[in-house]
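This text opens with one protein chain seen in two forms, each one given by itself as structure tokens under the names structure 1 and structure 2.
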Structure 1
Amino acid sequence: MARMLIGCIADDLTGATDVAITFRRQGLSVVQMNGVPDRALATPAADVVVIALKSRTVPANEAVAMSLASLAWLRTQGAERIYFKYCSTFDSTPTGNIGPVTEALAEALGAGIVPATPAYPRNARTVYLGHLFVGDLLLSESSMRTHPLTPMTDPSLVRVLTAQCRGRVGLVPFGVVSGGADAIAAALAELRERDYRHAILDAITDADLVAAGKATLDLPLTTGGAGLAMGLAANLAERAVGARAASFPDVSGPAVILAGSCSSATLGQLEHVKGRYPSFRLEPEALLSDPDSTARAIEWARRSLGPTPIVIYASAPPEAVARARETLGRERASAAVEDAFRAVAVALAAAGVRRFVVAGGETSGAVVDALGVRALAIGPEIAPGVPWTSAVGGEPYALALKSGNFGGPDFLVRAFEVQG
């Protein structure tokens, strides 16, 4: 059996592609699987296998079950260490799912203490004295404070994780982290002796994360965003088989942008292409009240397909999202939008579309599921944490799956310049 240096479990699809491109950038070969793999499925030889789940906002018991099933498969494939990947803005509710999944994985692996950090300086996410910053803002002052599914109103990761966990949560502060890998390892050992089961790691530079990766390299379980994954990969590079040289497939023809994220980054990207690309808005109220609403969007899309990408979006400013949630209910509104994107994706694929740019983790999961894509090859990077990917097996789809918060204002234009 080929050696797998890291088995990675990601709590959503865009987070999975984010961490996959991070591993690939460090010279490791990567395969991404969508959903819990079938027990009989053998993975292609790779340094890293990333399993993309849709577990971020489901009930905690469901997230735990999916994660443990993924862990069981990764262990049969010979994974030497496990990485649990979540968003660099620590997206979760007061009851989970980061804490419950971490503790379930830790128990299954017999882990003593589990380090955790969402820090990702490449995307302006840093942790100082246990507090998460987005750029120059505390997490609670960023656009994440009004996220429709996981509003983040407390920047203290120790407090946030403590609310989700049975075990005690400690901190390895920057004064220790800046001392390097040996200092970090000693601090983790001391916390474990004091019966802490989790440790938030400060990090404000890539060098901090490389040191943290070295300090935690031999632990059975580490958790974080793509930043700590980079730190681990940097310390494993000498052991890697290396990225395969296969060329990324050339996929051409009509292209569509499907945007469900309501993040400020995605809203800015949609504004940037207003008037440049034909656009159609999905209204949650109409989707729930009018059974023909999705069909009209599909008919518009079919008529509009051509040399220019088209946009179908449900993204809206926070105040509009809040009104819709109050009127329709959060779960009903979200389900209606996801169902519409599934139907749109299937119809457009039948119409010959093979290039999809998708904004938002929930939306990406719905689209990939609807298209029946089970595995992805990682291609060229469009923006930090966002690569083009290609479907492995079946139809030759090219997919750019973007976390709502990622990418600059010109991302939706740049994506097609990179893909060509």
Structure 2
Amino acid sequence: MARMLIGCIADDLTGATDVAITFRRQGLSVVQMNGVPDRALATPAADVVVIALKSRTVPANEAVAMSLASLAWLRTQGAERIYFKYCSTFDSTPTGNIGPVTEALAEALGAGIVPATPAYPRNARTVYLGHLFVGDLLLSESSMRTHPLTPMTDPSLVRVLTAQCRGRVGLVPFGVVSGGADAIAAALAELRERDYRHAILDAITDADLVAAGKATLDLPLTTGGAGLAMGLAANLAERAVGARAASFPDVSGPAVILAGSCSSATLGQLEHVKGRYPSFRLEPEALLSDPDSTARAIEWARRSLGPTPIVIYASAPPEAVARARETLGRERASAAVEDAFRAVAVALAAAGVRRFVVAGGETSGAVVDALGVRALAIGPEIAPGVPWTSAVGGEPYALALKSGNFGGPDFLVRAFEVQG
């Protein structure tokens, strides 16, 4: 069986992509999967498999069930250690889900003590004396204070995690962490002896996280943001098959851009390629009133395929989106656009298209689902947070899936320069 150095369970999709890219930056080969994998599904060789769940804000018992099912699959695939990834602002409530998921995974793995830190200095998240800072503000003074689903009003991670856990939560303070990996490992062993089951790790710099990664390498379970994942991966690079060795398929042929995001970044990116790439506009009103409009888009696309990428977009400025949502209803307008993109993607795949750039989180979900893609190998980054990916298991589509607001104005040009 292929060697999987890390099996990672992420509590949301964007966080999963973030951690997947982080592992790859450290030279590890990474496959990302959406949702709990089918039992029968076997992944190809990868140093890391990241499972993207939507478990951050569901009831705790559901989050636990999804996470345990993911763990069971990762273990059948030979994962050597488990990383539970959550947000670098520790997004959770007094009932979970970070604590309950951690404790369920720890019990299943027989973990003695579980180190935890959301520190991610690259994104200005640091932990000092157990207190989480967002930039120069305490977590409780940051915008997370009023988050609609997971308001964070207490900056002390020891207190926050204690409220969610049965086991005792201790701290490995900066004075110890700055002493390096051996000092951290000794502090963890001591906490374990004193019957602590969780340990918040202070970390201010990437070097702290690399030391923490080294100290926790032999533990079955660690939890945190993308920062500690980096620290762990930095210590595993020598044992990895490696991103370079893992072949990223060279997919060529006509390319299609499907844009359903109405974010200002995406609107700017479309403006940038106006006149350069042939484009076709979908309107929710027309999609709902005229049964042939999707077929027309597909017909246009088939005719226009060639060496230059083509664009099919529903993206519209805020006033137009507001109008459509008012007259059609928000759900209906979205569903009309997403269904059209599903049909377009399937028809163009049947016509031989293997390269898709998709703008919009929901839109990407719809397209990936319509194409039957269940696992993605992470490839080169086009813009921070947006890699080329390649579908694993079925047709080897090359997919660039972009959250609406990601990427600079030239993203739709850069994507094809990066891919070559």
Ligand code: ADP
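Everything quoted here is computed from the prediction, not taken from an experiment. Definition used throughout: the rigid core is the maximal C-alpha set that superposes within 1.5 Å between two forms. Structure 1's sequence is the ruler for residue numbers, which start at 1.
Remark: the form predicted in complex with this ligand is the source of structure 2; structure 1 originates elsewhere. With a cut-off of 2 Å and the rigid core superposed, Thr17 has a Cα displacement that falls short of the cut-off between structure 1 and structure 2. After superposing the rigid core, the Cα of Arg281 is displaced by 2 Å or more between structure 1 and structure 2. Once the cores line up, the CA of Phe341 ends up 2 angstroms or more apart between structure 1 and structure 2. On rigid-core superposition between structure 1 and structure 2, the C-alpha of Leu376 is found to move 2.7 angstrom. Here the two forms are laid over each other by their core, and the C-alpha of Pro387 is off by 4.1 Å between structure 1 and structure 2.
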